[in-house]
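What follows is one chain in structure tokens, specifically the form predicted on its own.
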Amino acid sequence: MAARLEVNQLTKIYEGRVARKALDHLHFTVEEGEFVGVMGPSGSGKTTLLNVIATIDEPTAGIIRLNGKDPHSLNKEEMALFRRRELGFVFQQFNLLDTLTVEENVALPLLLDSVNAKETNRRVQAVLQKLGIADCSQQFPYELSGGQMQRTAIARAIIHRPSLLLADEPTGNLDSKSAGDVMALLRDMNEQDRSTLLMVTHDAVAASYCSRVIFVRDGKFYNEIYRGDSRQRFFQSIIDMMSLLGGDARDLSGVRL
């Protein structure tokens, strides 16, 4: 089941000798089946936002709701279950286990949830086929290309059918061809399966695959734009918005579609 995500007046302050406000009354909603990108200059609070949604970080104030429930109100055991069953994670670094094959890496969430061997095998084979990596199911991560590793990471993230898929710079370690393939894959998953996706990225090309992009600055909501009919125009609008926002060169992609 796809999720509806509400981020309501979210604030996160990191205490220290000098307190730092990473999120400042951030407020937005992701509807069921939406594919939303989050962009902003370095240090704007993008990764903190993902960490709070994922219950890795506690909010200082404000509320996160996934299908109407606040995961931060759960106890430790319930929160671990929530993270394992409701959320899928895709990272820039892939985070695959080198000692496990592709098949074993993908099966891991089901094994942790005590799904029986027959059902696990059926679901693993189906998702490997869907993502075009069935041919390398017995290979180890170090034998794969970057694109194959990220596809394996996505397979592992969706094998347990999460309500919400969170992606943090999923194309950051990929060449442009592999990045395009991975983004097309995420877009197709969103359109065909109505999966709800929230992706943090600094890459305008990757963001142009989303249906909407939210821009944050200094931890606050700055603006949002919708794709419409033309991905080319959407891409240019993203570039223009990032130029207005400012930031270092890493925050802007010079690539044209």
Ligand SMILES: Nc1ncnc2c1ncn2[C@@H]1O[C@H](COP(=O)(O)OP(=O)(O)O)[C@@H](O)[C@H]1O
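Just count from 1 along the sequence shown to find any residue number. These figures come from a predicted structure and were not determined experimentally.
Only in words, not in the display: the form predicted in complex with the ligand, which the text now covers.
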property: Any non-hydrogen atom of residue 42 within 4.5 angstroms of the ligand in the model of the complex; result: yes
property: Residue 208, heavy atom within 4.5 angstroms of the ligand in the model of the complex; result: no
property: In the model of the complex, residue 22 touching the ligand (heavy atom, 4.5 Å); result: yes
property: Close approach of residue 48 to the ligand in the model of the complex, 4.5 Å, heavy atom; result: yes
property: Stretch in contact, per heavy atom within 4.5 angstroms of the ligand in the model of the complex, of 186-194, 60-68, 227-235, 34-42; result: 34-42
